[in-house]
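Only one chain is given next, in structure tokens, and it is the form predicted alone.
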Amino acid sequence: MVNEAGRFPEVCKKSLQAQAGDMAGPITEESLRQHPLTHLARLSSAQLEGLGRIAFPLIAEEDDTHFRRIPWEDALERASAGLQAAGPQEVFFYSSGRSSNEAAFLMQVVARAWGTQNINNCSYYCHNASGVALTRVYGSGTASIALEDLEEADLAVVAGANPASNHPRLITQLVNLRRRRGKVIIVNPLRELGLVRFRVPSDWRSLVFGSTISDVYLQPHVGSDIALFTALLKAVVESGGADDYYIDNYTIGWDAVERSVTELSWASLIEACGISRHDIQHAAEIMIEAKRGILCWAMGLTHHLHGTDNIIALSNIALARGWLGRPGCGLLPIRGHSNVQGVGSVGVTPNLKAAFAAKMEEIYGIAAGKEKGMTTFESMQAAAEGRVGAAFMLGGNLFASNPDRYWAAAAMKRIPLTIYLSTKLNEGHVHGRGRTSLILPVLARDEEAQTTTQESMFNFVRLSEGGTPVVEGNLRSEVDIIASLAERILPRGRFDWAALRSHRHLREQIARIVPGYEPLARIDEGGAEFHIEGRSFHEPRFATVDRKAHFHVAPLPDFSPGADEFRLMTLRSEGQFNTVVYEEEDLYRGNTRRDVVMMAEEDACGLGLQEGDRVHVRTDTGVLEVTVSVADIRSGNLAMYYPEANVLVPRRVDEHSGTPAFKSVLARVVRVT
């Protein structure tokens, strides 16, 4: 309950729900006998979560009707034999953001020492578009700001994100910003209650009286963000709001962007995004009046066929206003407060940067980075084609993170062996089973006997003290499991496994290898938690080759519905974290169930529908029967819950980042007869 600045209390409901879930009782052998796989397949994510902690290793083979207990030694032998039978080139390693830096780092060291670069993480399915775009803009794929910058800003733009549900600590900053008489602009096709008014639990004034969050709320069409951001930039330029000195001295590429903005007509931009010129001009005037602005976004921008270009278009506004490389200004991808950013920093990626790869070769003798590994989606495609012999998954729910639910299930069922390191059962363990599936129970981060570290979305490395397991059972740390498997698949004497089971030793190695992580070597000796050097920019000198920030033209995408089609986006509920659903009810949107399609009253009336009617939502990929929920969403657009609606999402990805287009979906709605 402490943020990066050490302030207490910073309360997040998701954290409390996750910790409460970790304190659930263990699943017993008797319970497993009472729940055949066919029954588990009918349970929702919340129901599987509610079964409790996995307390001993589980196995299910091709003809098994139930998960059954297997001794640790047998489980490790089966896992290592399956990995060796497949061989390095037909195995992929995957990590969610739940893991610690220490476990994730060790996993990628082992995988590369074994001979594969097929090492990927969940960011390829959420924020890789952000990383690709920001690297092009200023040479670093993470946020350009620290938490303190939010305390100096007088404007925040929050686009394609719902921090009230998924990042409530950010809401505290928005409330404080408005108390300083700053302004907040929200960009979201769906009017979210928590982005209009919110009660911050750690602030008595907000808790008692409530807090207004937004000054301007823009509701564009789903997938029209580039048109809206281009229109805002056009209004800024025409009103004389571009910072010419900053542009001339600290950026390149402006001429092409200015030319493209000038050539696009107001009529075409307004038609594309659905926002009136008056509202666009009003938002632009707020931007011009602001001296220090921070632009934030989440998967509402990245989950598109043009996700990378969405971030480019938003970044162009920041550069035009001079809001990069100055205190209180910058770009912030809202990555949440798990460790999704940290696992990427410590090497869980198919392509290492040159400096990281050179250190891996120097310290471990691993020639990393010379061959390109498979991304997350490429790994799934390989599985669907029968080219994966085994998969090792460090947490998460890869199955439910994929588009086209039935394709994802079929792909994973073709894998001879899937190995999961998990705390609780999820849909992936049931629907994403390989022909043989092993589930190895792990300690949660706060149960580890040794301390662990994580990295926040503000490039801040934090230390978790660890503790004792809260459930009885035979659980092991992630590091111990990875080391135990590595001892079986790597040549004897390859590493000192006693040393590599030490989290402190792993941190010392991370400090030697990962640029900016050098202070990690001192964190065990009373060293402070720290910001990673070279990530945040408070002077207009950037990590690009020419030390300048780069404008790029973001072309308008062709994402237009037919006469009877809607633009569909998928989203998470208030009681949900990633694919984990803690409660079926969504308080902020007034839904008591998840099998709903949220649509505008105007569209419902046009189809002769009303609240509660049953309909089929159809796409080129699938069909889902759901209930109509009338919502304040821009007409012509739909919203449905992820991951249930994945059955409707085609297997298409942003070509620049490999991020699936969960929000670039065209759909039809038909009454159930």
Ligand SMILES: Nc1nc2c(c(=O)[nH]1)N[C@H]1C(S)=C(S)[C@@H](COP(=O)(O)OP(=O)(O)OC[C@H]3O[C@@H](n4cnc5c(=O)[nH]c(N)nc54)[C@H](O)[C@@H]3O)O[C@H]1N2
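Just count from 1 along the sequence shown to find any residue number. Since the model is a prediction, treat every value here as computed from it, not as a measurement.
From this point on, the text means the form predicted together with the named molecule, which you will not see here.
Problem - Candidate stretches 517 to 525, 89 to 97, 269 to 277, 547 to 555 - the one whose heavy atoms come within 4.5 Å of the named molecule in the model of the complex - result: Of the options given, it is 89 to 97.
Practice task
Determine whether any heavy atom of residue 571 comes within 4.5 Å of a heavy atom of the named molecule in the model of the complex, and answer yes or no.
Solution key: Because a heavy atom of residue 571 falls inside 4.5 Å of the named molecule in the model of the complex, the answer is yes.
Problem - Exercise: residue 301 in contact with the named molecule in the model of the complex, heavy atom 4.5 Å - result: Residue-level check for residue 301: yes, a contact with the named molecule.
Problem - Close approach of residue 649 to the named molecule in the model of the complex, 4.5 Å, heavy atom - result: Output for residue 649 is yes: heavy atoms within 4.5 Å of the named molecule.
Exercise for the section: Mark residue 460 yes when one of its heavy atoms lies within 4.5 Å of a heavy atom of the named molecule in the model of the complex, and no otherwise. Expected result: So residue 460 does not count as contacting the named molecule.
Practice task
Taking 4.5 Å between heavy atoms as the contact cutoff, choose which of 482, 296, 394, 233 touches the named molecule in the model of the complex.
Solution key: Result of the distance check: 394.
Exercise for the section: Identify, from the list 401, 315, 308, 345, the residue with a heavy atom within 4.5 Å of the named molecule in the model of the complex. Expected result: Exactly one residue meets the criterion: 401.
Practice task
Using heavy atoms only and a 4.5 Å cut-off, decide whether all three of 421, 426 and 429 touch the named molecule in the model of the complex.
Solution key: Yes, each of 421, 426 and 429 comes within 4.5 Å of the named molecule in the model of the complex.
Practice task
Give, in sequence order, every residue of 108 to 143 that has a heavy atom within 4.5 Å of the named molecule in the model of the complex, or say none if there are no such residues.
Solution key: Contacts from 108 to 143: 122, 125, 126.
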